[in-house]
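Let's start with one chain on its own, the form predicted on its own, as structure tokens.
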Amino acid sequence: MEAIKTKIDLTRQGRLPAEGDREAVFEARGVSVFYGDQRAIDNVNIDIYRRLITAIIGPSGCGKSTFIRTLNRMTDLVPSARLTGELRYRGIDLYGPRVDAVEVRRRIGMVFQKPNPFPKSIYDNVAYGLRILGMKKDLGERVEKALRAAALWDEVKDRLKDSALGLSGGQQQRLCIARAIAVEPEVILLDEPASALDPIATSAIEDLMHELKRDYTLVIVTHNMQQAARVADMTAFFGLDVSPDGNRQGVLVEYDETEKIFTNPSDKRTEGYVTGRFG
């Protein structure tokens, strides 16, 4: 605990806004997700705040990735998936019948665990979404702006026509972040964005997240406790419950400011997980 506390003290950039001054971007109330008859997460209640970094931590199989995929309706792409409860984005029911899932995913971008650049040029990777969405005005300027925001421009500005597949793993991940940023989202979801990267590339991604939160709300899933302590303002710990019929389901155990989660958690299950005694 003390080692993690030290990391928090050394890296925290200013104090968080007081609880009453935070603006909720997402409000989840009683959210459960099912795959067929199997409940994956149960009765999640959480507010996620504007221009903060929120980390989702917990053991494998507790529904971390399932939860963040509800935030931009990626769960829609799984035929057996269904959501109950209420999930609001800026006061709007994300799963309402008149809500366009494509527009949801433009406003709420996503970066996956493994870098997934398209087999196209660096330029065309970033321009892809802009062209699909008809955002073609000042295309070159938009591409440059996104690459700069992803701290990649200086490394690729002289080879924009080269294949993105020739970039290093860390560069590919920053390219995927640039691709997400290019279409002007308000939120960026990151599902284990550095788990496939070496320590140097991981550090670059973490530094980038601190820069991005000036303009975006970020939600990150991570198994790395030190990473959550380094980058997150708020942390949600998901655990596993076993239902009477023997099925396991993810539950939100505790959600608070990151420093409190790692130094003075309210729930013994949280303390056991962050200190490595279980999970």
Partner chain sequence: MAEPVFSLRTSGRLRRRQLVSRMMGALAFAAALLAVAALAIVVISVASKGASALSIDFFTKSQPQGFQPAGGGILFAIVGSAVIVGIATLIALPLGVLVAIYVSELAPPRLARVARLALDITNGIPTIVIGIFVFTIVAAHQSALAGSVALAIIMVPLIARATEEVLLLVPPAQREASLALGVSRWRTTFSVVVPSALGGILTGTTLAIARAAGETAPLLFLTALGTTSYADANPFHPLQSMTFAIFTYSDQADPAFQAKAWAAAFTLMCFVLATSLAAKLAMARYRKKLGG
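Please read all numbers here as calculations on a predicted model, not as lab measurements. Numbering follows the first chain given and starts at 1.
One more form of this protein should be noted, the form predicted together with its partner chain, which is absent from this view; the next part is about it.
Scan 156, 167, 104, 208 and let me know which has any heavy atom within 4.5 Å of its partner chain in the predicted complex. Checking each option against its partner chain in the predicted complex, the one that comes within 4.5 Å is 104.
Choose one stretch from 142 to 150, 95 to 103, 156 to 164, 199 to 207: the one whose residues place a heavy atom within 4.5 angstroms of its partner chain in the predicted complex. This holds for exactly one stretch, 95 to 103.
Does at least one non-hydrogen atom of residue 27 fall within 4.5 angstroms of its partner chain in the predicted complex? Close contact exists here: in the predicted complex, residue 27 approaches its partner chain to within 4.5 Å, heavy atoms only.
Using a 4.5 angstroms cut-off on non-hydrogen atoms, would residue 82 count as touching its partner chain in the predicted complex? Although its partner chain is absent here, residue 82 would stay clear of it in the predicted complex, with no heavy atoms inside 4.5 Å.
With the partner left out here, which residues of 71 to 92 have a non-hydrogen atom within 4.5 Å of its partner chain in the predicted complex? Residues within 4.5 Å: 88, 89, 90, 91, 92.
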